[in-house]
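Consider the single chain below, provided in structure tokens and representing the form predicted on its own.
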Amino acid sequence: MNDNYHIFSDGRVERHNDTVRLITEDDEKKYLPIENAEALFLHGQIDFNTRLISFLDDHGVAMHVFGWNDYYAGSVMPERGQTSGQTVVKQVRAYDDPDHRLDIATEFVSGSIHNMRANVAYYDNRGFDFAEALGDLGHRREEISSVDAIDEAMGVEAGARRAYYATFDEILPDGFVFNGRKYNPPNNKVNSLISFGNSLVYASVVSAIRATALDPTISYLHEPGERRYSLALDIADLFKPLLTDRVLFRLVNRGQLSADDFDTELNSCLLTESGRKTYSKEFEKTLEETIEHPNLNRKVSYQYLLRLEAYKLKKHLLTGEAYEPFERWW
């Protein structure tokens, strides 16, 4: 079970016999094989009913909904395949223990910085001179080991991300200017790609956490809040450089996205349906890529790495085994 289906058309999605059917506004009917589905991603204006929800629940398929400005709006999650009161108790106790929470939070930041630095090093070895950014990121990673509070850890992460983003304008081709992170709404093509990509990473991590008995609302780096799965925010930060940013660089440097793939208005820039389809296709292709795992001694997909991260955290909470965040090793 690892296929994701992205629906961009407006219309209605419903159960039809033993499968899922999309009926577009033009009355075109499309059928989605659900047997191996991980999740549905709804990007268009789509109606659905409780009969569909029950059917997806029976098959353990999540449904992620994206709203205005491509923002993640929420998920309809199937009943958990795994439940464990012991896991939730351990998860809460770790959150309530300031030292334990800080240890986990700093591991998330350390792993995130490593993966940002890996991207910068990749381009540094391809003709760019990013010695200063590499040094800054290395310094930030050393700094995270000595912070005393969560807000300090967040500050180190923010500083590392500024150093990382400062390399983007040199990596990106003509016509794509970043000039710093802006969102709500994104103000240019690069920011719209980052926002859309980060939303896909977040939703994919939500699906991955669902496969475990972890509660997605109890987190360590990001503060738990209302109406969000803050643990998904913690884990997603590890994978944004590998997924969001590498997909972005690949698409724009190969010329697979152009100005025609964006709708630009005053102070906002959003991907068109065509642009979202192009990005989502490359994103899913990346999730299916495999890599030899040094500890498992077999190839695993990038998508499985998301689930593996949730399992590692669960194991740490239950057994006390050291949590080592995902760090790109290849």
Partner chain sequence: MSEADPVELLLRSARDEAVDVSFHVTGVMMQYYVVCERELWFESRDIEIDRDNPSVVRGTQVDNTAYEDKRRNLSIDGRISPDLLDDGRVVEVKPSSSLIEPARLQLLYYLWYLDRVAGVEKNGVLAHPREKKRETVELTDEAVQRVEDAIRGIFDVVKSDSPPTAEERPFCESCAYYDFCWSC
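Positions refer to the first chain, counted from 1. Just so it is clear, the model here is predicted, and its values are computed rather than measured.
One more form of this protein exists, namely the form predicted in complex with the partner chain; it is left out here, but the text below deals with it.
Heavy atom contact within 4.5 Å of the partner chain in the model of the complex, the stretch among 144-152, 114-122, 240-248, 210-218: Looking at the partner contacts, the answer comes out as 210-218.
T319: touches the partner chain in the model of the complex, heavy atom cutoff 4.5 angstroms: Close contact exists here: in the model of the complex, T319 approaches the partner chain to within 4.5 Å, heavy atoms only.
4.5 angstroms heavy atom contact with the partner chain in the model of the complex for K315: Flag for K315 set to yes.
R51, heavy atom within 4.5 angstroms of the partner chain in the model of the complex: Outside the cut-off, so no.
Partner contact for R298 in the model of the complex: the partner chain, 4.5 angstroms, heavy atom: So R298 counts as contacting the partner chain.
Joint contact, Q86, Y304 and Y311 to the partner chain in the model of the complex, by non-hydrogen atom at 4.5 Å: Contact check passed for all of Q86, Y304 and Y311.
Option touching the partner chain, based on a heavy atom within 4.5 Å in the model of the complex, out of H59, K277, H293, K30: Exactly one residue meets the criterion: H293.
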